Ligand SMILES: Cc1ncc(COP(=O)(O)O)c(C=O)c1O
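Take a look at this one chain, the form predicted alone, written out in structure tokens.
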Amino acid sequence: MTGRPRPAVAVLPGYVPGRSAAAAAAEHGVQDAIKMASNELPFGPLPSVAGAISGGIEHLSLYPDHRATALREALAEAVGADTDQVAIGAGSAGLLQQLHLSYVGPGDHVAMCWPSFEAYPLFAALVEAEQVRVPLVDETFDLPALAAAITPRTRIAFVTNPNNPTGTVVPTATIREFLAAVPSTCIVVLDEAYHEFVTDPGVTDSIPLLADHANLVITRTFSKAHGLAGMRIGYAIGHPEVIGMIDRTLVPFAVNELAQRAALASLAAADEMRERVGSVVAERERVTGRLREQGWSIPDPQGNFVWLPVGADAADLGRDLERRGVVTRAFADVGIRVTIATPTWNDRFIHALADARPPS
């Protein structure tokens, strides 16, 4: 082996993104495969966002503002926090990695319910931490069990709301009870990558929780509801001391100039963003109704995707859908996650699923 990589990195599997439509088409000989695997919005950028991106091209010879000061200030105003409570990173995933680098070392524990976001174990392994996985209950985070699993060695505990890949939520009141049970030595990361899509009335704004819990960090992203996945920009809200530690591990100039411009423009077009989110939620409800009519038992979806808890059949069903030109995200032995896309694509998925697994 050339060089001497760290043992933890040498065995790290690496993140596996959703499969492309082109790859599935090539393997199965399908001419018009569609990708519904990565929870991307089925729209291009908002007109004002597109203008902000194209209007910033002339600045690409210059380094961006490392701290993304204007965006921090705009986000602080938007969420009702102070500027020193906001961190900007290369997507919320980048901030999650920064949190591990800032707070977790070899032999420490990182706690999560499982299955959840696939990057959590990778980040824990990168810093040579031990993972503590608590099973979901009814496809949902079991916060009492997660609280019971936290020990003095636990440095980070994840609460993913809505959960990815199951799309379920836990009420804000339950999160408040969980926070009261967690010691201040453990950072609680409330991962809200899909919070704009939530319609469950039991889930309310989480920002007020910060006033009573200095160990709480809320992470959000511009990748989902704002449709800026390709720009890689996210943010975290927390106690100024914690935000300061997160900032120390930000790669210099990691958040590029065009991403900062796009995020600022999208914040300024919040009404348009919410209108788009509303159309996705309406399609989510339509698709959910059609699937239940077919006999599928699925949890109430609260993200921009639906979840088929098919267990051991997941890999086979994923392949069968690909053969019909629909690329979804199969989680081996657990289930299938399907992005809500355009009505045409959603109908194609519904028909492909009925063809692959006819209603009993």
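Given the structure is predicted, the values throughout are model-derived calculations rather than measurements. Numbers for residues come from their place in the sequence shown, where the first is 1.
Unshown form predicted together with the named molecule; subsequent notes refer to it.
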Review point. At 4.5 angstroms, heavy atoms only, are T160, A193 and T221 all close to the named molecule in the predicted bound form?
Key: yes
Check your understanding: So which of 145 to 153, 286 to 294, 89 to 97, 261 to 269 is the stretch with heavy atoms within 4.5 Å of the named molecule in the predicted bound form?
Key -> 89 to 97
Review point. Any of the heavy atoms of H109 lying within 4.5 Å of the named molecule in the predicted bound form?
Key: no
Exercise for review: Classify T140 as contacting or not contacting the named molecule in the predicted bound form by the rule of any non-hydrogen atom within 4.5 angstroms, answering yes or no.
Suggested key: no
Review point. Looking at the partner-bound form in the predicted bound form, is S102 within 4.5 Å of the named molecule by any heavy atom?
Key: no
Practice item. Look up in the predicted bound form whether Y120 has a non-hydrogen atom within 4.5 angstroms of the named molecule, and give yes or no. Key: yes
Practice item. Name the single residue among S206, Q85, N215, N164 that comes within 4.5 Å of the named molecule in the predicted bound form, judging by heavy atoms. Key: N164
